Each structure stands twice: as structure tokens, then as C-alpha cells.
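Considered here are two forms of the same protein chain, supplied as C-alpha cells in two stand-alone entries, structure 1 and structure 2.
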Structure 1
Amino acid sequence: MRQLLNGNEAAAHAARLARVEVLASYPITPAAPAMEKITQFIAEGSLKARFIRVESDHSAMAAALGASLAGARPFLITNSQGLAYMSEVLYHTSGLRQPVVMAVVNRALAAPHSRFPEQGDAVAQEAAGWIQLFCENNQEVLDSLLQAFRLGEDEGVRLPVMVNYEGYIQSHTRETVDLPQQEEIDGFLPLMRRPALDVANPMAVNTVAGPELYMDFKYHQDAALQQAAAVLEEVSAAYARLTGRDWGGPVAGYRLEDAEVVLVAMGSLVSTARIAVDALREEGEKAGLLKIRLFRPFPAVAVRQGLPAARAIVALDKNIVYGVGGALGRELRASLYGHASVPVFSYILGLGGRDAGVADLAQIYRQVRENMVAGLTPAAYQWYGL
């Protein structure tokens, strides 16, 4: 069934279709409407779930974690300040291997105060042990969220998943979204109960781990996270068989075969870059696009395989890791190091809602092309659009 939905509505429908059982969320702009839509589903009876009207984001994550530990399928939504405030609980959730799914409606972190889109909030949690997916449009928001439950709950993974889409650009913009049938999703996402807190089978969770244990637990956790890339391939393929929509695995290429200059992006910039690539191709440019769908674990192998003909790579980052540069730029260089000597031109753009449109990406492309032809070594990173 096709409907015009904004990103928040798409996320809410995903929660409904996944039959989430516990919703714990604390209002924050521009994520709050997604939460309100789900509470509306609960009120009208189209979703049987308990809403916990928590007093803070920290408690939202804590309540979702408690619900997961007790065997339910929880869901929550947040961003920016709320996500930063949850940070401590994010680590508990991954360390305790709970497959909690959360939508993150990316927004810039203060200060200075901003409520506009940017991916720095998710990037700041890159080491928290969560799987992180980024979506380019609202259909992907819905589809990735549904896939996220199956991915996180996979026996070999058992980890929490963040599904990212940008504030306003996605959360408040309507697009056509095809909604799968409930029965289809029920088959795709069977409910598995694996309570850690169970009076029938008691266990003490999060006992103090000394130096003789802590590191081994972390080894297993990291190994499970590494599994997520391969499992995402399987989950995406299964989802494609069900719905006909294939978002690919950890990365997806666009016009890459003979591409010499490749734009690399995640989130809404991907759709923008797609149009830019088409326009550049019209002009005879050998432009291509590599979409990063999975940011954590970072799919280094898939990235290398995706860039066969590249002579220059353009990392487009809507985030800044202060003193280092863009997260994608850093990851791309690390992924290629020792494998290919392709220069990575790293751009910081679109922070705090600053426009980054098709013309901007085309301009960046031309800059990079010139530098490449001139054989210039890329700067560590540059700010675009100041």
C-alpha cells in the first residue's frame, strides 16, 4: 500500500509493523512526532504496546533496556541532546547484548544551540557498540527499521541497532512510501523471547567483571558486531525477496563501473549525490557514488570492493570530529590504507542544517577533479560552504 509519509511517520509505521511491545521515548525536536504517531497507533488499537512516559531520555533508554532484558521487543526514538544524554545506557545495551532498535532523527549537537539536521549526534556514539544504519529516503527509513529488528535479533549478532535519518530533510518531508502487509512482516520478523531476567530461570546480569573477564566479554561483543555486515546482506536479500525492494548490504554503488571520481556519502546526501552524479554524467564526467548504508561496523571490505576504478574519492561528511575531520573521510582512508593509494578528499559540509544541494556537490566534484588532474595531495579535510 503506497502512502505519502514523512520520515517520522515511516518510522512509526515500521514500529507498528514490527509489533513493538514497549515504547519508551522522551520528546525532542524533530523526533517527537514519530513518538506521537506511535502513541496514536496504541490509542486506536492498531498496535498493542505499552508506552512508558519517561521523565528523561536517559530513562527512556534505561526503560527500553529493562524491557528488553525482561523479554519484550522495545522501540525508541531520539536524537542530538537526547542521544548524548543516553550515551551511558547505550554502552550498557550493547554490552548486555540486547537487540534494542532505536530511530535517531539526526540533529546537530549544541553548543551553540541548533535544532537542524546533521549527523554528528550519531557519529559521537560511534564507539558505543551499536550497529548504525543510515537511510537516504523515507522508504528506506521504513525498510531499514524493519530490517534492523531482524539484524539485531539475529542469533549471531544480538546487538542494538540505530537507524538514522535526518531531521526535517527526512523527518518532515513527505515522500511516497510503500507499506508492506502485516502478514508479510510477521513472517519476516517472528518474535523471539530471550529474557535475561526471568523468574523461571534466574540470572544475575552485569556482575562485576574483573581484568580476567572484561576483555574476553568485549572480544565476543566486537566479534558479534563484525558479523553484522554479513548478516545485513542476508537480511536485505530476504527483505528484497519479500517486498521487491533491495537496498543492498552495507554499501550500495551507483554508476561505479568506470567511475574515476567517486562521491561517498550517507543519509540524505546520498539522494542528492545521485542526482549530482547523473548531471555530471550528462556532461561526460566519469562520476560515481558509493552509499554507506552501514556506518557501524564500518564495512571496509565492501568499500574497497566498491571502488574498483576510482582515481579520487570524495568523502562528504555532515559531521565534524573536532581536530580530526569528517568521520567518513577518516574511515575511508583507514579502509584503503595498504590496499590502494587513491587520494581521499574529505569535505565537511551541511552542518547544523546548512544547505548542501546538487550544485554544491557538483562544485565539490569539479574541485576534486582539478586537484586530481593537477596531482595535488588532498588536505586533511576542508570545510565547504562557509
Structure 2
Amino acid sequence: MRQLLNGNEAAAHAARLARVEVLASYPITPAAPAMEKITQFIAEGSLKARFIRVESDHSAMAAALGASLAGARPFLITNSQGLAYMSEVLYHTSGLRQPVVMAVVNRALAAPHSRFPEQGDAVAQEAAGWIQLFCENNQEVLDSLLQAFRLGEDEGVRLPVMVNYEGYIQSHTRETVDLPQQEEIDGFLPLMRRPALDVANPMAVNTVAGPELYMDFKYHQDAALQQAAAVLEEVSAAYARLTGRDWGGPVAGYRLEDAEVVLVAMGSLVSTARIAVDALREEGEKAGLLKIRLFRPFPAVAVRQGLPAARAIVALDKNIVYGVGGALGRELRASLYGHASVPVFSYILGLGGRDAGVADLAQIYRQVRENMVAGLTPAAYQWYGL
């Protein structure tokens, strides 16, 4: 069934199709409409779930964690300062290996205060032990959230998943979205109960671990996170067989076979970059695109395999790690170190909702080509559009 949906509505329909049992959320712009839509489903009876009204995003994450420990399938949604406020409980959730799924409607962090999009809120939580997926359009929002539940609940993973899409660009813009049938998703995503708590047999959770145990816990947690990339490949393939839509697992390439200059992006910039690549190809340029769908764990091996002919890489970052540059630029350099001597040109653009269109990406591409011809060494990073 096809509907015209914005990203928040797509996220709400994904929660309905996944048959989430607990919605824990605190209203925050621009994520709140997704919560409102889910509560509408609950009120009309199309979703049997408990809505927990909390006093903060920190409490929302704590409620979702408690629901997961009890064996329920929780869902929540937030962004920006709300995600930052959750930070303490994000670490609890991943350390306790609970497969909580959360939608993050990426919004710039203060100060100064902003209501507009960028990916810095999610990047700031990259070390929290969560799987992080980024979506380029509203169809991928729905599909990735459905895949996120199966990915996080996989017995080889058992970790929380953060599905990111951008405020207003996606959250409030409508696109045609194909909704799977409930019966199809019930087969793809059966409800799996694995409670850690039993009221008839009380036990302590998250007790103090001494030096002889703590490091072992962290080793197994990291191993599970690394395993998530391979499981995502399997989950994506299974979803593609079900729906005919394949988002490529951890990464997806576009016109890469002979591409000499490859644009690398995640989120909404991917769709813009794809159009820019087509326009550059019409001019005779050997341009290509590598889409990063999975940011944590970063798919370093898949990235290296996806750049067969690249002479230069252009990292397009809608975030800033202060003093370091863009997160993608940093990860690409680390992934290629010791494996390839391809230069990485790192650009920061689109922060706080500033326009970054097809013409802008084409201009960045030409700047990189000029630098290559001149034999210039890439700067650590540079700002575009100031």
C-alpha cells in the first residue's frame, strides 16, 4: 500500500508494523509528531501498546530500558538536546545488551539554539555502544526501523539500535512510501521475548563489576557490535526478498566501477549526491558515490572494497567533531590507513540546515579535481558555504 508520508509518519507506521509494546517519549521538536501519530494508533486500537508519559528524555530512555529488561519491545524517539540528556542511560542500555530501538530526528545542538538539521547529535553519541543507521529518504526510514528491531534482537547482537533521519528535510517533508502488509512483517519480525527480570524471582541488575570482570564484559559487547555489520547484511537481504527494496547493508555504491573521484555521504545528502554524480557523468566526469548507511560499527572493510578505482575520496559531513573535522572524513582516513594511499578531501557543510544542493556538491567535486591536478595535499578538513 502506497501513502504520502513524512519521515515522522513513516517512523510511526514502522512502530505500528513492528507491534511495539511500550512507547516511552518526551516531546521535542521536530520529533514529537511521530510520537503523536503512534499514540493515535494506540487510541484507535490499531496498535496494542502502553504509552508512558515521562518528565524528560532521560526518563524516557530509562523507561524503555526497563521495558526491555522486562521482555517487552519498546520504542522511543528524540533528537538534539534530548538525545544528549539521555547519554547516561544510553550507556546503560548498550552495556546491559538490551535491543531498544530509537528513532533520532537529527537536529543541531546548542549553543546557539537551533531547530534545524545536522547529524552532530547522533555523532556525539558514537561511543555509546549503539548501532547507528542513517536514512536518505522516508522509505528508508520505515524500512530501516523495521530492520533495526530484527538486527538488535538477533541472538548474535543483542544491542540497541539508533535510526537517524534529519529534521524537517525528512521529518516534515512528504514522499511516497510503500507500506508492507502486517502479515508480511509479522513473518519477518516475530515478537521475541527474552526478559532479564522476573518479579517472582527478583535479582540485581547492573551491579558493581570489579577489575577481574569489567573488561571481559566490554570485550563481548564490542564483539557483538562488530558482528552487527554482518547481521545487517543478512537482515537487509531478507527484507529485500520480502519487499523488493534493498538498501545495501552497511554501504551502497553508485556508479563506482570506474569512478576516480568518489563522494561519500550519509543521510539526506546521499540523494543529493546521487543526482550530482549523474550530472557530472553527463559532463564526462568519472564521479561515483559511496553511501554510508551503517555508521556504528563503521564498515571499514566494506568501504575499502567499495572503492576499486578511486584516485580521490570526498567526505561530505553534515556534522563537526570540533578540532578534528567531520566524522566521516575521520573514519575514512582511519579505514584506508595502511591499505590504500587514496587522499581524502573532507568538507563540512549543511550545518544547522544551511543549503547543500546539487550545484554545491558539483562545485566541491570540481575543487577536488583542481587540487588533484595541482598535486595539493588535502587539508585536514575545510568548511564549505560560509
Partner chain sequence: MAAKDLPLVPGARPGSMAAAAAMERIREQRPAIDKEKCNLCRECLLYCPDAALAIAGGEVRLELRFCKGCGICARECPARAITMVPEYAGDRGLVGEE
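Here the rigid core means the biggest group of C-alpha atoms that line up within 1.5 Å when the two forms are laid on top of each other. Residue 1 is the first residue of structure 1, and the numbers go on in sequence order from there. Only a predicted model underlies this, so the values are computations on that prediction, with no experimental measurement involved. Residues that one form lacks are left out of the comparison.
In this pair, the copy labelled structure 2 belongs to the form predicted on its own.
After superposition on the rigid core, a single segment of 3 or more consecutive residues displaced by 2 Å or more at every C-alpha between structure 1 and structure 2 is found, at 199 to 204.
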